[in-house]
Ligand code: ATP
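Only one chain is shown below, in structure tokens, and it's the form predicted on its own.
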Amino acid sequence: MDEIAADPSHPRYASLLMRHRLEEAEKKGMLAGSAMIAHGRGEAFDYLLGEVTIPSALDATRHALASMIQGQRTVLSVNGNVAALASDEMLILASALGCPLEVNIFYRTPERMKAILGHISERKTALGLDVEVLGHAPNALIPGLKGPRAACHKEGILDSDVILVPLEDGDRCRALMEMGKTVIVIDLNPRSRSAREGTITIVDELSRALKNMVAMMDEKASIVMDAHYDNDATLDRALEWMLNTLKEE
């Protein structure tokens, strides 16, 4: 799946791998025109993190996972970039949690939905996982949103109580929050609308955050919610880390 013209020992290998996945996804018709721009913007913030999972992100990840474990109707939302960059990790996490994935994209077209759902189906088969994947036949609308981007499954996003929305847009994040859901965001920009709107924001690169969650599932019984978790403080800690990185340059 991930054959790229770069040696794994290359210091930029992880970044090059993510770019390669986006290139392949674009060829399949999975991405919106702005996908590369969005990814490049995220990479810039990751440079400021030092391309590592910082302590505040790890704390947020643990709290987020506890929320998903305790959720009665947890759902993992997947857009085009998420499907391109981390389908395997999302499927493995969904399998471990026993919850569905739902493909829910901003620029929704039948062609893009077919391409994304097809890609996820291929990866699910390759991994040998039994995960429910929704998105093919939306039968509900997210209140407060207009047009095709509001389409969702009642048995998925609409009725969820806890939802993971990596690389989400601010409008939909706000709409989900207004529905009373626990909204978990993965976003490298601590000042984005999604980061500031969400219940729990993990300021980390997508695949790193998901791999951390999967690893933490090995100690599932000891993962508990942090009664003192403060999302604003988490965002402030991430921004302070980035600013200190700049000062050290």
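Note that residue numbering begins at 1 and tracks the sequence as displayed. What you see is a predicted model, and the numbers here were worked out from it, not measured in a lab.
Another form, the form predicted in complex with the named molecule, is not on view; read the next lines as being about it.
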Decide whether residue 188 counts as a contact residue for the named molecule in the predicted bound form under a heavy atom distance cut-off of 4.5 Å.
-> yes
Exercise: residue 167 in contact with the named molecule in the predicted bound form, heavy atom 4.5 Å = yes
With heavy atoms only and a cut-off of 4.5 Å, decide whether residue 194 touches the named molecule in the predicted bound form.
-> yes
Could you confirm whether residue 41 comes within 4.5 Å of the named molecule in the predicted bound form, counting heavy atoms only?
-> yes
Sort through 23 to 31, 220 to 228, 52 to 60, 201 to 209 and report the only stretch with a non-hydrogen atom within 4.5 Å of the named molecule in the predicted bound form.
-> 201 to 209
In the predicted bound form, the residue from 90, 152, 85, 176 that sits within 4.5 Å of the named molecule by heavy atoms = 85
Mind listing which residues of 15 to 31 have a heavy atom within 4.5 Å of the named molecule in the predicted bound form?
-> none
